[in-house]
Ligand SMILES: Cc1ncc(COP(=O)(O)O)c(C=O)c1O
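A lone chain, given as C-alpha cells: the form predicted alone.
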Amino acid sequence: MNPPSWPTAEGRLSGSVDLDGREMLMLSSNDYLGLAGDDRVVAGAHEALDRYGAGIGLNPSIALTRVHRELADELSAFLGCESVLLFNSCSAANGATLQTLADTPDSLILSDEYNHASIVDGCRLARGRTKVYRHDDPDSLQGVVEGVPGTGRKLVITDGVFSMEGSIARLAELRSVADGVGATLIVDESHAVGVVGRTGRGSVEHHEADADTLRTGTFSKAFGAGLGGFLAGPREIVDEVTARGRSFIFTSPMPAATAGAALAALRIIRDDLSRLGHLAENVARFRAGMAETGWDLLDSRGPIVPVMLGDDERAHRVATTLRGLGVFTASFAYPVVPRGSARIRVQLSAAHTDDDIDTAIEAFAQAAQIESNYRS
C-alpha cells in the first residue's frame, strides 16, 4: 500500500505558506492569531529546549518542569479559574475528564450532536451512559435529560465554538438547564480561547459566564504552539482528574519546548489585544466582500467561515479550483459533517493583510464563475 499523499509545507506558517514549492494564501490554518511563526513564540520554544532538552523522560504525574508550572499558573490567572492541569493534547484532556467524571454505570453524559470527535471518543470510553441532544438546543437538552432516570453524576459537554460551524454555543441557556438538573457543564474552548470574547478569554467570557466553568482547550490553535492541551476549573474537580485521569497519568507530557512556546503566546495574547482586533477586522472584511460573490456563508461570528456547497463532489471541486488560483482551502464532507452539508471551511488569521483578504475574495469570485460554467 502506498503511503498517504499530502502537500508538503516549507518554512514558517503565516498568512501564506510554501506548499510543494508554490506560495499559497493559507485559508485552512488554526493559527488564528498568527503566532505560530512569531519570533517571540519561537524564542520561547528555543529557550525551554535549550534548558530542558527534547524531553524530560517522566510521566506528568511524577514531575514537570518549571516552564510547565509557569504555564499552568499563568493560564489559570488568565482564565480566572482555580486550577489548570496540562495535557499533551485537548483530546487527552477531554478523554481524561469524561472517563474520570463519568466512571460509574449510573452516570450520564449529555453531549451536543456536533461536538468534536475527541469528545465523542471520550464519551465512548467513559463507563457512564451518553445521550446526544440536538445541536446547541437547550430545549432538546432539557427533554433528553428529563427522559433519562438515574441518580448518578451528570455532565453536559459542548464545544465553545463549533469547529465546522464557527458558531458560539449558547452557554447561558445550557448552563441554566445543567444547573436545574444538578449537572456539571464542560466547555471545550479549543477554537475559542485567544479568539472569542472581549479579551480573548473564550466563549465563557463572550457570554459573561462563571469564570470557574470547567473548560478544556488546546495550545495548538490560537496559541500557535503545535500541540498541548489543558483542563481548567474548580480545584476539587481538577484534582480529581489529576488523581485518576488515565490519559494524564499514563502518557508523556507536552515537551518543555511546546510549553515554552505556549507560555510566550499566552503572554502576548494577555498583554496585546491588537491581534484580536485585527482578526475581527479581517473577518468583517472577508464577509463583506464575499457577499458579492454569490456563495452561501453560515452565519458564524469568528474566524471560522463555512462556505456551504451541499454536494460532496462540488465541495471538492471548488476547493481544487481555489488551490489552482493560489488559495489553499480544505473541503469537508460526510462523515465529518452531516450528509448534504459539504462545505469549505475558511479559517482567517490575524496574519492576513488587507491584500490577502482581497485576494481570497477575488479567488472565490473567480471560482464562482468557473463553477457556473461547469454546471451549465
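So that there is no doubt, residue numbering starts at 1 and follows the sequence shown. Computed from a prediction, not measured in an experiment: that's the story for all the values here.
As for the form predicted together with the named molecule, it is not shown, yet the points below apply to it.
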{"item": "Heavy atom distance at most 4.5 Å to the named molecule in the predicted complex, all of N282, T329 and I357", "value": "no"}
{"item": "Close approach of D112 to the named molecule in the predicted complex, 4.5 Å, heavy atom", "value": "no"}
{"item": "Contact of C90 with the named molecule in the predicted complex (heavy atom, 4.5 Å)", "value": "yes"}
{"item": "Proximity of E165 to the named molecule in the predicted complex, heavy atoms at 4.5 Å", "value": "no"}
{"item": "S118: touches the named molecule in the predicted complex, heavy atom cutoff 4.5 angstroms", "value": "yes"}
{"item": "Residue (of S83, S300, S220, S107) lying close to the named molecule in the predicted complex, criterion heavy atoms within 4.5 Å", "value": "S220"}
{"item": "Stretch in contact in the predicted complex with the named molecule, which is absent here, among 268-276, 200-208, 125-133, 184-192 (heavy atoms within 4.5 Å)", "value": "184-192"}
{"item": "Residues in 225-259 close to the named molecule in the predicted complex, defined by a heavy atom within 4.5 Å, in order", "value": "G228"}
